[in-house]
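Given as structure tokens, the chain that follows is alone and in the form predicted alone.
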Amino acid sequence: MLIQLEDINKTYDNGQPLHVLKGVNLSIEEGEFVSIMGASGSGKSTLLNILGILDTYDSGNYYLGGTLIKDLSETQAADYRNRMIGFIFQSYNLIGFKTAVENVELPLFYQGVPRRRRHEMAMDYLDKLGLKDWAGHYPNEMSGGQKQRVAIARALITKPKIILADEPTGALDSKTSVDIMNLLSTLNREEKMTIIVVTHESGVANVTNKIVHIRDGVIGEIEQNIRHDSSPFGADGIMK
């Protein structure tokens, strides 16, 4: 089992205790494409932050690849994130003064990959996502869909075990949202990548294989979803 959550509890205390996660149990196998679906305030983003080792939990156990993730130092947490997890955010989180290729290179810089090698790898991933001609452009020169594909390339470049996507289509129009979800679907199907998407949109969740419903900090129904996939890529390898 790649991810195993056992009775996870999380409370925030900003003057008044707020019990956000209430005994969450969840298992995710390697290669699954999962959506965590819930309304605003349901606890889905907190759950994603715990999965991404961006936040701690109060009680319970979180196993990642068989390793207990608990009471880690910031250095240990950063090491696990660097090696195991790629992140995609609603707001892209690109650095405005860096070009597309420089943004994609960044995780490799932190891993100590030599400059020429990380540039070659970043260009290769941009090419795969149909953005080679945009490598020298800055985020403010790109559309929302292009920025999100740069963010996906950045998430993929370290070849992580898991991609965590927090409302990845939230800032996109409906057509571009479909393109991005088709791209994630293709990565899951062809690269066998484990992808977990947090969303409040049923259209986004329906692209995934498993839909985990969360409400008021409690896991409810878990739906197995059968997809009928077709590749969103044309013969030239660029997304249609």
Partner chain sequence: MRDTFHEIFSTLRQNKLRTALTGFSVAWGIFLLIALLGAGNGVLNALLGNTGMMDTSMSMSSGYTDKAYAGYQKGRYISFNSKDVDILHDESIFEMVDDVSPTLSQFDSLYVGDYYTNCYMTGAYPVLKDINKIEMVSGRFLNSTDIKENRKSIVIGSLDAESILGKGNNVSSLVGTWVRLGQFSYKVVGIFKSDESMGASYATVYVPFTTLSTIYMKGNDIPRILFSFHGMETEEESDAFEAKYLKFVNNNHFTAPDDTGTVYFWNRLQSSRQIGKVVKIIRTALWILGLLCLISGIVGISNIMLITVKERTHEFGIRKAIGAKPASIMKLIITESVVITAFFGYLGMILGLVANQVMDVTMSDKPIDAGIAQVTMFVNPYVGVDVAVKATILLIVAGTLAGMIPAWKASKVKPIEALRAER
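Numbering follows the first chain given and starts at 1. Bear in mind that the values here come from a model prediction, so they are computed numbers and not experimental data.
Only in words, not in the display: the form predicted together with its partner chain, which the text now covers.
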Residue 133: touches its partner chain in the model of the complex, heavy atom cutoff 4.5 angstroms: no
Contact flag, residue 125 vs its partner chain in the model of the complex, heavy atom cut 4.5 Å: no
Check whether residue 178 has any heavy atom within 4.5 Å of a heavy atom of its partner chain in the model of the complex, and answer yes or no. no
Proximity of residue 191 to its partner chain in the model of the complex, heavy atoms at 4.5 Å: no
Segment that reaches its partner chain in the model of the complex - one of 46-54, 167-175, 22-30, 62-70, heavy atoms within 4.5 Å: 46-54
Identify whether its partner chain in the model of the complex is within 4.5 Å of every residue in the set 78, 115 and 154, based on non-hydrogen atoms. yes
Determine the residues of 93-127 with a heavy atom within 4.5 Å of its partner chain in the model of the complex and present them in sequence order; the list may be empty. 93, 94, 95, 97, 98, 102, 106, 107, 109, 110, 115, 118
